[in-house]
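Have a look below at one chain only, the form predicted alone, in structure tokens format.
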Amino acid sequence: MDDHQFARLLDVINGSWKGYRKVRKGVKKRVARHMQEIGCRRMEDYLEKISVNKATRAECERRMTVAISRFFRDRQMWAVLETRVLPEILASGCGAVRVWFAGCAGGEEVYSFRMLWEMFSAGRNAMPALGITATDLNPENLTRAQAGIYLRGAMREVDDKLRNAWFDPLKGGRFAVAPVLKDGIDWRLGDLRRDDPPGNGFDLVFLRNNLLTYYTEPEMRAGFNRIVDTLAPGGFLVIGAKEDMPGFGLMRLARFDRCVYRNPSKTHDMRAT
């Protein structure tokens, strides 16, 4: 599959060439395997099939998901969460903190937050309960995330102290997250562009390096607005360090700090459940 053929595919699914440019090699291989599996030798035939068959299109889009991540990716953002965002959430006096990872990939980000929360909670009295929901379009990503087993490459920003405290070494240079980090995580299959969100009233939503990266503005707009609608008054949305907040997002959210945006309403007594 050459770049011209791949660009035609992106046009059909409203994908962003800019977003896929650096990862297109691996994505093209996965799509090419799908074409072979369903007997399509030409891109024209494949485009026709995904245009008329919802299941085929869904499988194509699943193959095009990108699950590149690592623990504590963008350390400065995690510092902002620790020093500014979490204190603000706790100051709101909420009885429980609700977090949604919208596009959780292999779970690295979810477990990074659990580690941060546990360390942040140490020495503090009467911490609110924590509820985490993690969704992804690709069931293979969810399976890997629930297993919680990672190669050393995903841990290059994890120092020895963190690794010794929160990971168990396995054979073959792999590491398993500590069982306590898995508690209280609700893993769900979900498409950010089409499916209903997994609830509302979230204090914190992670939308990093997926919807705003891999799709064109018309495709991302409806999904983005549904995600923002799930934020509690005063809730926070986190995007990727190299992502730009679209104009329609700036109309609804106020920039708080480094790729962190906030629902401008600060009234927490209207929280939905």
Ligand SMILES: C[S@@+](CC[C@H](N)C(=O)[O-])C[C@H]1O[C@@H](n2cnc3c(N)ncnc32)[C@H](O)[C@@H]1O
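Numbers for residues come from their place in the sequence shown, where the first is 1. All values reported here derive from a predicted model rather than from experimental measurement.
FYI, the form predicted together with the ligand isn't displayed, but the following is about it.
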Non-hydrogen atoms within 4.5 angstroms of the ligand in the model of the complex: do T65, G190 and Y215 all have one? yes
Just to confirm, D203 within 4.5 Å of the ligand in the model of the complex by heavy atoms? no
With the partner left out here, check for me: in the model of the complex, does some heavy atom of T230 sit within 4.5 Å of the ligand? no
With a cut-off of 4.5 Å between heavy atoms, is R163 one of the residues that contacts the ligand in the model of the complex? no
Even though the partner isn't displayed, in the model of the complex is L81 close enough to the ligand, meaning a heavy atom within 4.5 Å? no
Given 150 to 158, 137 to 145, 88 to 96, 175 to 183, the stretch touching the ligand in the model of the complex at heavy atoms within 4.5 Å is 137 to 145
